[in-house]
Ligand code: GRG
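Here we start with a single chain on its own, the form predicted on its own, put down as structure tokens.
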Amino acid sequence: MLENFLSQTREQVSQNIKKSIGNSNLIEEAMSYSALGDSKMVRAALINASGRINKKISDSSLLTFSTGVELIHTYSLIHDDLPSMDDDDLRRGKDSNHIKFGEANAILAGDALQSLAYEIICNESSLEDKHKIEGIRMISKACGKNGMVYGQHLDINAETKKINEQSIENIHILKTGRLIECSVMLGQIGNEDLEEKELMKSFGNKIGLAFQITDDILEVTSSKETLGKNINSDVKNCKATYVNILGLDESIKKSKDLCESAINELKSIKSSEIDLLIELAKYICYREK
């Protein structure tokens, strides 16, 4: 069930990305190069799976939010790979954007992907204006100065420093977790059941942290070929990770505990559609790439 769902999500979102970007100039080519790369599209899948529980949002709106969030995520990866950031030359199994198109064009492509995400949400006819504003506010908050951007700042600032578990958890929540939590909640736009939304928010928070801890684990247990990116980047940049702070076994236990707790949150929701989110939570924590 999950494999078919993920495959269908990737196909639908990829087609919408292709249509939304176009192919009329070099910047659009650079945008498509990264946005249409081999991606898990976990965030898009979370939006769609969350939306199945919420009967107040249309399939068209879910596709638009999924596309927008994947464009935002891709922009962040392009910028993360830049020489001034993590300085990585491999992403999604191919040359990083700045290797292929040059550093200036990579920056511009990332900027354009970010603005396009908001543009397509504004143009979504099945969304009420108040829900467009709510969605844009949620994404902006997750990605901005108190979210992903600040998390990346803290991550870079922590290089070569010895930090504690609380500090690395804060970095991971900001850098990765906030957008994953946001993805879960975008699927809940229009839902008026506040208790249900709080459970979904807690679920999103826990799997967001578990996702990045699993990334830390895979960085030392997997291969470049499997991950489609360099596995020595954290070591090269002297990054703070869960593994080098808690050790591999404790990091694995932390990820599994978060996964189990997140799933228990879902089981409090009276819906026949929670199975897909449960399977996604397991996939996030037990994936191999």
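When you see a residue number, it is the position in the sequence shown, counting from 1. Keep in mind that this is a model prediction, so the values were computed, not measured.
In what follows, reference is made to the form predicted together with geranylgeranyl diphosphate (GRG), a form of this protein that is not presented.
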task = Sort through 95 to 103, 124 to 132, 184 to 192, 75 to 83 and report the only stretch with a non-hydrogen atom within 4.5 Å of geranylgeranyl diphosphate (GRG) in the predicted complex.
result = 75 to 83
remark   = In this chain shown alone, the residue from 28, 59, 38, 257 with a heavy atom within 4.5 Å of geranylgeranyl diphosphate (GRG) in the predicted complex is 38
task = Quick one: from 148, 168, 210, 139, grab the residue that has a heavy atom within 4.5 Å of geranylgeranyl diphosphate (GRG) in the predicted complex.
result = 148
key: Contact check for 178, 205 and 270 against geranylgeranyl diphosphate (GRG) in the predicted complex, heavy atom at 4.5 Å   = no
query = With the partner left out of view, is residue 287 within 4.5 angstroms of geranylgeranyl diphosphate (GRG) in the predicted complex by any non-hydrogen atom?
reply = yes
request  = Spell out, yes or no, whether the shortest heavy atom distance between residue 219 and geranylgeranyl diphosphate (GRG) in the predicted complex is within 4.5 Å.
outcome  = no
query = Is there any non-hydrogen atom of residue 215 lying within 4.5 Å of geranylgeranyl diphosphate (GRG) in the predicted complex?
reply = yes
